[in-house]
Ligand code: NQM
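Taking the form predicted alone, here's one chain by itself in structure tokens.
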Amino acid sequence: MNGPEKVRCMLLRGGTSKGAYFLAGDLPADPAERDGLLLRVMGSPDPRQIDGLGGAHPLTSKVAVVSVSADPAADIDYLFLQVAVEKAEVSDRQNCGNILAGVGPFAVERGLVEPGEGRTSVRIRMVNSGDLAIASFSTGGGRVVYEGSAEISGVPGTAAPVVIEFPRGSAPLLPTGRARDLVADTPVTCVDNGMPTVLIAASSLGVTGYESPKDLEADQALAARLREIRLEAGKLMGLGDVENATVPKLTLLAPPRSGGAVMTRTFIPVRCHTSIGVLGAASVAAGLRVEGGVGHAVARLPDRGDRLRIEHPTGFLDIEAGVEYGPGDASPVARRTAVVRTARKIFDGTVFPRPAGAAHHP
């Protein structure tokens, strides 16, 4: 099948990412046909994505598929799809907390949720993992209010805040059951507070953790070491063979430089993030509080309160993450996680995908 010649689409910035948002009913029901269409919509595979909507980087080659949820605990279902830039690959193996920031506003824009006066809360089921999130954002006069005074690092200007709260999930916070593992001869902490993440002290890999993402990506010896760690950690975390997967993420930790709790460099999984993902930051924040973990020794944790400032290459992300221990030797669990993001509608209209079977010359 050639698929549709045109598709209704909305382009939104969610947090520090940008993505194409679709109603599930506007895309083919068959996953293979849907993914083929999205590759053509985004312009993949091509390093510039010149023939589609993609922005030539994983952070701007993302898709949200949204529908009304059949789950009584949720209003909306949100499927996140990562569209590879230089490969003909679409992955549903992870969530995205930045793109999540635009899901509630999109649901209102498309009439799936009735807006309140002043503020609207939307219960969202993240289909990739089955986890829930509650997004609250400004509305008025029957529409989403995008203008506001909230600032987030990595995004110019200000916008209305989107507060995202994650109820306690069912998955274990420490997938291996241990606060610390030795993976490829490197001490790590494997944590999952919404995003499977491997925490590594930057110093254990012979880097400072303050290098630019570009310089870290150019370090071939580091890349080989990180690949070895990721493949081994993926199996330990119960993710199987992660050679072609986008998880787990790897986050290098260093002491903070600007008054935060920790400095980070996150690999997603090969490119180094210019900031940090929301769910990745949630996992980092929870992991820092795990006694005996690699992050506990590197971070400068506040004496009280759940709020942590996670520093990254272009600024910081403030996140509230609490961890509690049960009686005896019980493993730690995440008590509460919440973060402030912003979102903005960029474009609403029709996208015309590259015709199926069209010649492609990268």
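Since this is a predicted model, take the numbers as computed values, not measurements. Numbers follow the displayed sequence, beginning with 1.
This protein has a second form, the form predicted together with the named molecule, left out of what is shown; the following refers to that one.
Engineer: Do residue 96 and the named molecule come within 4.5 Å of each other in the predicted bound form, heavy atoms counted?
Structural biologist: Contact check for residue 96: yes, within 4.5 Å of the named molecule in the predicted bound form.
Engineer: With a cut-off of 4.5 Å between heavy atoms, is residue 59 one of the residues that contacts the named molecule in the predicted bound form?
Structural biologist: Result yes; residue 59 sits at the interface with the named molecule in the predicted bound form.
Engineer: Using a 4.5 Å heavy atom cut-off, state whether residue 342 contacts the named molecule in the predicted bound form.
Structural biologist: Looking in the predicted bound form, residue contacts with the named molecule do not include residue 342, since no heavy atom lies within 4.5 Å.
Engineer: Determine whether any heavy atom of residue 164 comes within 4.5 Å of a heavy atom of the named molecule in the predicted bound form, and answer yes or no.
Structural biologist: No, residue 164 is distant from the partner.
Engineer: Does the trio 264, 299 and 308 actually contact the named molecule in the predicted bound form, every residue with a heavy atom within 4.5 Å?
Structural biologist: No.
Engineer: Of 273, 230, 289, 180, which one comes within 4.5 Å of the named molecule in the predicted bound form, counting heavy atoms only?
Structural biologist: By the 4.5 Å heavy-atom cutoff, the listed residue in contact is 273.
Engineer: Taking the partner as it appears in the predicted bound form, which of 278-286, 84-92, 218-226, 109-117 has residues with heavy atoms within 4.5 Å of the named molecule?
Structural biologist: Heavy atoms within 4.5 Å of the named molecule in the predicted bound form occur in 278-286.
Engineer: Do any residues of 12-43 have a non-hydrogen atom within 4.5 angstroms of the named molecule in the predicted bound form? If so, which ones, in sequence order?
Structural biologist: The stretch 12-43, when checked against the named molecule in the predicted bound form, contributes 16, 17 at the 4.5 Å heavy-atom cut-off.
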